[in-house]
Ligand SMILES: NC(=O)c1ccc[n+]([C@@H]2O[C@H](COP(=O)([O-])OP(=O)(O)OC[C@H]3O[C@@H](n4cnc5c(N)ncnc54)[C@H](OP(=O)(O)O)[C@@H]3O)[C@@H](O)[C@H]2O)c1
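We begin with a single chain expressed as structure tokens, specifically the form predicted on its own.
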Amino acid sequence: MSKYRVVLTGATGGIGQALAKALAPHAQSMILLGRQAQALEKLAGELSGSCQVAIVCGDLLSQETHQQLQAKVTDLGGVNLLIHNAGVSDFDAFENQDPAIIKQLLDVNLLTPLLLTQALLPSLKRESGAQIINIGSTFAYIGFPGFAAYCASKFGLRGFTQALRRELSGAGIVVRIFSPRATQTDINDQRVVAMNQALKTAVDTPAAVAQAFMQFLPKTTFEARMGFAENFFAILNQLLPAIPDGAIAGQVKTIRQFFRKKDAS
């Protein structure tokens, strides 16, 4: 394929910025999407020496944002690589989570990729060898305490990816999913950082995630998961879920220590 013409959501997050910087030397153009105008402009300035860069700032679920994006795609000659990286997380006991937060998790992590993909499919179909790559998570394969709603969004994203891949078979568009494990980004608050330390969870840098993504990009495999142990555990969870049940049950007491404390007043 000639140089990538990229649309990247969640561009100003830790993984998003690392992906943008890794992709820029291989890109003809890049459209960065996010909600922080100043951060988008700063990143665009850093990348402008490598490729054409445009930004779209707004609510990724709004029709207005979709229309702005479609106009930018047309201006820059099309899109052949759509990367859904925007994501939010929340860690807590499910019964204590604010319903508004649960809705936000599903809106950003699942509904946004669905609707943006639908909006850009006509443009993607005009390209030879176009790709849609969804950024998943280890928790797209392993249900984990404290992340029930987040896991639901990522399990759903993986199901969407697989179904659309099959639906578009023969249409010239490849749909895939790339799943990092725990990563050092602002998506995790200090409680999650402390829990990962207590559980001795391996944590990657955004740069390591971007490097692994670039190795995945030219391949044709449906999915990639980072981390040998996490990959093994995900396979085990699919084949023999009772074994992960037991392993995670042994961690639940520690995990619960990091839930938000309920107001006793």
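Keep in mind that what you see is a predicted model, and the values were worked out from it rather than measured. Throughout, we count residues from 1 along the sequence that is shown.
Here the subject shifts to the form predicted in complex with this ligand, a form of this protein not shown in this document.
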property: Answer option from 116, 195, 135, 130, heavy atom within 4.5 Å of this ligand in the predicted bound form; result: 135
property: Heavy atom within 4.5 Å of this ligand in the predicted bound form - residue from 60, 32, 69, 234; result: 60
property: Which of 116-124, 162-170, 83-91, 70-78 lines the interface with this ligand in the predicted bound form (heavy atom within 4.5 Å); result: 83-91
property: 4.5 Å heavy atom contact, residue 150 and this ligand in the predicted bound form; result: yes
property: Residue 14 within 4.5 Å of this ligand in the predicted bound form, heavy atoms; result: yes
property: Interface membership of residue 181, this ligand in the predicted bound form, 4.5 Å heavy atom rule; result: yes
property: Distance check, residue 187 to this ligand in the predicted bound form, heavy atom within 4.5 Å; result: yes
property: Complete contact of 5, 52 and 175 with this ligand in the predicted bound form (any heavy atom, 4.5 Å); result: no
